[in-house]
Ligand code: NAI
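Given next, in structure tokens, is a single chain: the form predicted alone.
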Amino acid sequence: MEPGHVAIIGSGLIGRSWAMVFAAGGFKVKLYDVAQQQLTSALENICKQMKELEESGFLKGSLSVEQQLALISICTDLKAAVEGATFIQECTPESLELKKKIFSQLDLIVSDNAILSSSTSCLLPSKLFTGLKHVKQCIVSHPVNPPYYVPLVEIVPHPETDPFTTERTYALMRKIGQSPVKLNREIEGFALNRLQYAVISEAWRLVGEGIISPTDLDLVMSDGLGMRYAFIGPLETMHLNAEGISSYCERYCEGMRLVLNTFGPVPEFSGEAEQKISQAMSERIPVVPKVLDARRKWRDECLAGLSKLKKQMKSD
């Protein structure tokens, strides 16, 4: 897919980040929302972020801030926003009814060669796109928050999605510097959230049962597993921690089954455990907008630095 016009539907955090990613890739971007003030604020936020990224050396792409900003325009008219677009990325709040309404509207006005893509993190394509005239052009492209700093994109087809739509979306994501992965069929939570929720679930149980403190639990990931997982996944970790996968299974399968059989039921994520974890997290990072925003900024700077390091390591 050659650089051209991309439409972003929704100018919240994810929509703004997508707009920045596409602009960094040289694409013209029309950012749509229903309120002009929301769009004006979004554009100001994008400008501020890009200038900060340039100053810190983390700006993506070969274009300058001015060149990238020139590629982004805002629009409150849905039809005008998608006219001529080859790719449309929906970024509205995670509401099935709202998203279905948006895609029903888009279905009436898009061309027969435009890809209709959703940023949903958990809604199945079959629930979003079934019955649409352009269902073969519909797909989920689920980013990781924030997509500007974390490149993974899960590409999840509807049962009726044309394979060509999947391939075009995959190629586009590669072109703009993201790291797409293809799911062969839809499943609740896709891949990333199924893995994430498995970790959260066991973390919650360990803290709730008094095995470990919330702060130490987070250290197990940030200074332990996360160190490896920033560069290699769990399957390659197994492969390297023995003489290949078969060797790992031969050595550790009995111990793995023993531990896994001690896992409890899915937590309720409420009650005493919630209070304990909430108190620990709030003491460390008070639930105050200014403090939370500062911590998120720190997180994003760390992610940007890690992303830059990984890119350098791959090129070496």
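Residue indices: 1-based, along the sequence shown. None of the values given here were measured: they were computed from a predicted structure.
Another form exists, predicted together with this ligand; not displayed. Remarks below refer to it.
Of the candidate stretches 302-310, 288-296, 20-28, 5-13, only 5-13 has residues with heavy atoms within 4.5 Å of this ligand in the model of the complex.
In the model of the complex, at least one heavy atom of residue 93 sits within 4.5 Å of a heavy atom of this ligand. Although the partner is absent from this view, residue 259 stays clear of this ligand in the model of the complex, with no non-hydrogen atom inside 4.5 angstroms. A residue is said to contact a partner when one of its heavy atoms sits within 4.5 Å of a partner heavy atom; residue 120 meets this definition for this ligand in the model of the complex. Contact annotation for residue 157: none of its heavy atoms lies within 4.5 Å of this ligand in the model of the complex. Between the options 76, 237, 145, 104, the residue in contact with this ligand in the model of the complex by a heavy atom within 4.5 angstroms is 145. 98 is the sole member of 220, 98, 245, 181 with a non-hydrogen atom lying within 4.5 angstroms of this ligand in the model of the complex. Contacts between stretch 37-56 and this ligand, counted in the model of the complex as any heavy atom lying within 4.5 Å, involve 38 alone.
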